[in-house]
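Quick heads-up: it's one chain on its own, the form predicted alone, in structure tokens.
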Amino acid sequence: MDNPSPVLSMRNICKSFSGIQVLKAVDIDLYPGEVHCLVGENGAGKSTLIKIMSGAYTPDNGTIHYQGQGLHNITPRWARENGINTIYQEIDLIPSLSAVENISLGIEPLKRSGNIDWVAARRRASQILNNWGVQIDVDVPVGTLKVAYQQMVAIAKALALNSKILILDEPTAVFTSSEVERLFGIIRDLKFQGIALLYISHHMEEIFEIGDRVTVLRDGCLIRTGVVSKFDKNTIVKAMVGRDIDLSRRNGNNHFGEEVFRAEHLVRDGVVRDVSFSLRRGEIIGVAGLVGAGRTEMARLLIGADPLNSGKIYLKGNLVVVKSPRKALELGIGMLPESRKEEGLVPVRSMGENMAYSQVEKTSRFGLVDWKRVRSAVAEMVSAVDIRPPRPNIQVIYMSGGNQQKVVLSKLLMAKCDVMILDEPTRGVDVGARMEIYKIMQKLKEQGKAILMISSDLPEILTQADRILVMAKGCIAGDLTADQATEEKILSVALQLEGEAV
């Protein structure tokens, strides 16, 4: 680097929770104008380290120097006021407030009268988002926006502050390639401005495209650090998990069973228009498309979370009316939602309770639940999906992202659904957990389950799907076999329709 002095140095950082050491003598330096990538499996200590940087946690041991000065007793408020800002994987916004209000919170521009200048606030918020190519109504509650747009607002909120260090925790988890490129453009501009960026991602290709330096953690320990050019994908993955992992394309099995699910001419005004497709036993259909293409909105129609304006759904050849997610589960149609925190989990309840929700009604008689049977089923499922540590009584809020996703997936497995809709199944999970989720999907495929997988990760779509539906502007713009599909072909199909008038 041109400037050899780091803006932040951390040495010998240690942290324990309830006697379990999660960070063990970790060192890291952040330099102005550099993207430092921090990688490791879920539970490796990444989140704990960035929470120490941002003042949420205090280290048990170690030293921190910021702009050459030793720091003690950092608080989140001090960090924000002094230019250390974090965008966490779980979006930190107030859902009932608008984008303008969230972005301006704590830094509201004032008129001479002392009142908030909302015209200036709206102008600033719109300018930040427009520079990114994001066209949203900045006055609607952010809780009504899609998850990807909420993430964009969260990033805009951080950019509105005078950041010297910007920490990005899985910022592209729900982005398509075009949104990722927009973000990378902003990151390059921030680098040029001399801001130090700490970038956490489970996507190897992002590290090599945007990173200058990389640090690998495993089990709370520093394994390797250095300039990105000294690494390749395999060396990073092996350092993360301590073993080799096959990241190559899966050889698809084209021997499918009979049709188990069919949607005909589904319409919901303004979001989904004339969607039709069928799904066979042992088949994985991937659903690709840009943010706003209507993928999640379509999935919500399939489970009755939103009402249809018109269209029909057939299950095993029979016309069915799906009025609610509960009814869908009764029929054998289950969905893993895009946002596990908001829609898939009860964070303050235990792992076992969350997994058992789909079992309680099935095992109850006369309103009494057979908890012995439920606990036995939970224990078997914990072992089957390899949740570690296998502690059913632990609160979900304290589990890693990968284990949380396995808990949500386990609810579907315990419900014994024939049709599984997986919306962003590996969002925010590390490469090891990702491979384990893929193995679960392949076992389900072998068992004759029918899977509809929505993903913004094109490599995931290409490696896991037998057939790929490309959505744009609420309809299916293309239907590709695995052999036909490439990233360029998928994007070409999506963008071709995106450029047309509706």
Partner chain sequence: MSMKIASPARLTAWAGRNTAMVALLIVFLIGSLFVENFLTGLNLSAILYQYAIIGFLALGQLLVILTAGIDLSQGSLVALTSIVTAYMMRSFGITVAVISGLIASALLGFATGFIVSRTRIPAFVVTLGSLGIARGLALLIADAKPISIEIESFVDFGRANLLGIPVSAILWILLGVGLAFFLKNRRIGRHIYAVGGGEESARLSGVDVKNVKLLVYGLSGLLTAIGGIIWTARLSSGSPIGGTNYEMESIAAVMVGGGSLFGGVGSVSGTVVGVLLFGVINSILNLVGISPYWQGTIKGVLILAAVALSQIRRVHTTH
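Numbering follows the first chain given and starts at 1. Rigid core here is just the name for the largest C-alpha set that superposes within 1.5 Å across the two forms. These numbers were taken from a predicted model, which means no experiment stands behind them.
Heads up, the form predicted together with the partner chain isn't pictured, but that's what we're talking about next.
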Quiz item: Using a 4.5 Å cut on heavy atoms, which of Trp371, Phe208, Tyr88, Tyr357 is close to the partner chain in the predicted complex?
Solution: Tyr88
Practice problem: Using heavy atoms only and a 4.5 Å cut-off, determine which of Ile107, Val321, Val346, Val227 is in contact with the partner chain in the predicted complex. | Solution: Ile107
Quiz item: Taking the shortest heavy atom distance, is Val140 within 4.5 Å of the partner chain in the predicted complex?
Solution: no
Quiz item: Does Gly257 make contact with the partner chain in the predicted complex, using a 4.5 Å heavy atom cut-off?
Solution: no
Quiz item: Hey, in the predicted complex, is Leu97 touching the partner chain, heavy atoms inside 4.5 Å?
Solution: yes
Quiz item: Would Pro76 show up as a contact with the partner chain in the predicted complex if we use heavy atoms at 4.5 Å?
Solution: yes
Quiz item: With the partner removed from view, which of 110-118, 264-272, 292-300, 412-420 is the stretch that lies within 4.5 Å of the partner chain in the predicted complex, judged by heavy atom distances?
Solution: 110-118
Quiz prompt | Post core alignment: Pro76 C-alpha displaced by 2 Å or more between this form and the one not shown | solution = yes
Quiz prompt | Core-superposed comparison between this form and the one not shown, Gly55 Cα displacement 2 Å or beyond | solution = yes
Quiz item: Hey, does Ile103 budge by 2 Å or more at the Cα between this form and the one not shown once the core is superposed?
Solution: yes
